[in-house]
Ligand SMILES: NC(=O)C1=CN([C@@H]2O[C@H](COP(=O)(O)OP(=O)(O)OC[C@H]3O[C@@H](n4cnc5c(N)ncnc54)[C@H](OP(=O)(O)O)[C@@H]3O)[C@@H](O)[C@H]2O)C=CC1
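Just one chain is shown here, as structure tokens, and it is the form predicted alone.
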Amino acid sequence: MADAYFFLFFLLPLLLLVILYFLVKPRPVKIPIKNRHVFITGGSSGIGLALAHRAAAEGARVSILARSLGKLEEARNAIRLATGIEVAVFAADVRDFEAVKRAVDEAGPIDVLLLNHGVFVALELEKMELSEIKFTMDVNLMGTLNLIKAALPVMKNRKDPLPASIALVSSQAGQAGIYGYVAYSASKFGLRGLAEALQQEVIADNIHVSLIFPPDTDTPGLAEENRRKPELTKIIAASSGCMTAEKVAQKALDGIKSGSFIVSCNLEGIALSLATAGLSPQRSFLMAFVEVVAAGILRIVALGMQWTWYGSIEKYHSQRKGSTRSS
């Protein structure tokens, strides 16, 4: 009996660790940002501005892109006052490939392309205008493809021998679909497929992809989102915490520098990432071990979350029907 326990709790995990050490690819990598060019989209406010502040403070040469030149100038002044660093600003709509290409060419060779732009409308699909759905998909998904396509030729031909990075800011709504997030989740889930396929295409060029999954973040955009957010969305999303833009920026940059493919920002995010690991690349054999061991347990947890969400939906509609009959 003692031998069986020794094998089960010591030898078997050790054997799994050894197997994963040789199995896990791509291999671990470190991506420095000091004295390198970091190009950030959506950089005039929220998470993007916090990322620009932190990258500048860590010694990077920073460029930020957004639609509003006025907001970009405000962001540049704020970063200059906080860090003493001058950042370059580029006004362009990410949906316009030619405008994006001009900005990327003018900015010069990019070492870290950080795609943070995005729009969000929390509303049931039936109530959304087709124009809102298309706008969401065009900005969040096509805008990302536009930036990558514009930047890739120069990134592939860079003279810097150090590893480069393309980082995509998704959302926890890109890991689990939530009521009221149909269009938004579709665009953010799309980023995952984009990132997984892109990593295979650019690994030979020493370019490493990161996919960042922040929770609700305390930004001006969140306040605007909450004004239209359906009641059921608020109920279901209440279980997820809210982080400051500065903390998300710190987690994101730490993940990029460590070359992580999946970058989670809080404990709930780590659980979601473990539960949805699927066929995603994993550079850390230790994290791969946790993913393998925790897979079954986390599936039970995920089913419990679904049970809670659908229970909230049933209760909400039952109460609405009851109030309709009484009136």
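Here the structure is a predicted model, which means the values were calculated and not measured. A residue's number is simply how far along the shown sequence it sits, counting from 1.
The protein also exists as the form predicted in complex with this ligand; that form is not presented, and the subsequent description refers to it.
Judged against this ligand in the model of the complex with a 4.5 angstroms heavy atom cut-off, the residues 146, 198 and 281 are out of contact without exception. Proximity to this ligand in the model of the complex, taken as a non-hydrogen atom within 4.5 angstroms, holds for one residue of 119, 99, 194, 133, which is 119.
The partner is absent here; in the model of the complex, the one residue of 139, 123, 107, 85 having a heavy atom within 4.5 Å of this ligand is 139.
Contact check for residue 260: every heavy atom lies farther than 4.5 Å from this ligand in the model of the complex. Using a 4.5 angstroms threshold between heavy atoms, residue 44 counts as touching this ligand in the model of the complex.
Although the partner is absent here, residue 210 is not a contact residue: none of its heavy atoms lies within 4.5 angstroms of this ligand in the model of the complex. Using a 4.5 Å cutoff between non-hydrogen atoms, residue 215 counts as a contact of this ligand in the model of the complex. Contact with this ligand in the model of the complex, defined as any heavy atom within 4.5 Å, is confined among 125-133, 110-118, 249-257, 149-157 to 110-118. For the partner-free chain shown, 65, 66, 67, 68, 71 of 61-75 come within 4.5 angstroms of this ligand in the model of the complex, judged by any non-hydrogen atom.
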